[in-house]
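Quick heads-up: it's one chain on its own, the form predicted on its own, in C-alpha cells.
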Amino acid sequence: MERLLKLIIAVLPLIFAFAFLVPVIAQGMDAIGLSAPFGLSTLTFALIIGGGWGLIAQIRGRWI
C-alpha cells in the first residue's frame, strides 16, 4: 500500500494534467470557439498540450 501511494505521488503532475488541465483546455477552446490546428479535434489538441505540460512538470519537478 505504501509503494502504491509513493507511485501515485510520484506521478501526480501527470495525473493533474490529464484529469484537470486537458478538460479545461478542451472546454475552454470550445467555449470561445477556437478550433484546433491541423484538423485535430479540440480534445486531441488539449491532450497534446496538457499532457506535454504535465510531462515537463514531471521531469523538471515544477510547473513554471
Partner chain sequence: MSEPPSTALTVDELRQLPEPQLRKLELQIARKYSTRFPWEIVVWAFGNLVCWLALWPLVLSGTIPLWLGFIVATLNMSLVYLPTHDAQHDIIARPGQKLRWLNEAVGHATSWMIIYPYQVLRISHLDHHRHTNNLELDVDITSHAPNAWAAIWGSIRQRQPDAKRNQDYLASLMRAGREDLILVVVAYRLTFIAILGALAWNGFALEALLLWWLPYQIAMTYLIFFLSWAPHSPGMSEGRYRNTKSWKSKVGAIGSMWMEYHTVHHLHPYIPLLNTPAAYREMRPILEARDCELGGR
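Nothing here was measured: the structure is a model prediction, and the numbers come from that model. Positions refer to the first chain, counted from 1.
What comes next is about the form predicted in complex with the partner chain, which does not appear here.
Proximity to the partner chain in the predicted bound form, taken as a non-hydrogen atom within 4.5 angstroms, holds for one residue of Ile49, Leu12, Leu55, Leu40, which is Leu12.
By the criterion of a heavy atom within 4.5 Å, Arg62 is counted among the residues contacting the partner chain in the predicted bound form.
Using a 4.5 angstroms threshold between heavy atoms, Leu7 stays clear of the partner chain in the predicted bound form. Taking the partner from elsewhere, Leu34 is found to have every heavy atom lying beyond 4.5 Å of the partner chain in the predicted bound form. Annotation for 7-37: interface residues with the partner chain in the predicted bound form are Ile8, Ile9, Leu12, Pro13, Ile15, Phe16, Phe18, Ala19, Phe20, Val22, Pro23, Val24, Gln27, Gly28, Ala31 [heavy atom within 4.5 Å].
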